[in-house]
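Coming up is one lone chain in structure tokens, specifically the form predicted on its own.
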């Protein structure tokens, strides 16, 4: 029997007969699953070794070159796909935070604590961003959909700030981009410096208790900054 020559052919191979067959995935679903599997593997490789150190052969050892080159032209395009998905996932997670219930201060705290926990649970995002800064955002600039996708969190923050002003809780004139910058910086450090900080000060920054404490602290810091003074 001839071996399938493309990933799409692999996806279309007949399944073995069973009493209860799982529903057959559509071509689009099979394609999305295959791409995500490759990106999962590539993410780990880029996080551990950076763009310069990562090798397609290493990624292919866990995915196969045929699959990689079926969907991506090469390492740079695959790296951009890894970056794009990492950013998209954090933005999607923020869009799911409840910012409607309670007052604006409560909504902002929920978003802040979400971001601290998200960064702690997804250290790959932090390391990818750190690596891309080494490259001066060279590859981010080649992802045309990224700026618009990242505007989503600015729009969320602007909505909370406007509401907080209307409620008389927040002071006027806070730039949502500044708010995002401060929030991200305070969420980022807990992950980016966890090893050096642990060595220098003997503090475990990765435990559930440490992350929860950090989330509360970041919320306190940001809210103290935005709150209207009597």
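These numbers were taken from a predicted model, which means no experiment stands behind them. Positions refer to the first chain, counted from 1.
This next part talks about the form predicted in complex with a further copy of the same chain, which is not shown.
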Residue 113: heavy atom within 4.5 Å of a further copy of the same chain in the predicted bound form? no
According to a 4.5 angstroms non-hydrogen atom cut-off, is residue 192 in contact with a further copy of the same chain in the predicted bound form? yes
Is it the case that residue 129, even though its partner is missing from this view, gets within 4.5 Å of a further copy of the same chain in the predicted bound form, heavy atoms only? yes
Going by a heavy atom distance of 4.5 Å, is residue 41 a contact of a further copy of the same chain in the predicted bound form? no
Sort through 30, 37, 64, 184 and report the residue having a heavy atom within 4.5 Å of a further copy of the same chain in the predicted bound form. 184
Exactly one residue in 97, 105, 140, 88 has a non-hydrogen atom within 4.5 Å of a further copy of the same chain in the predicted bound form; which is it? 140
Contacts with a further copy of the same chain in the predicted bound form, stretch 208 to 224 (heavy atom within 4.5 Å): 213, 214, 217, 220, 221, 224
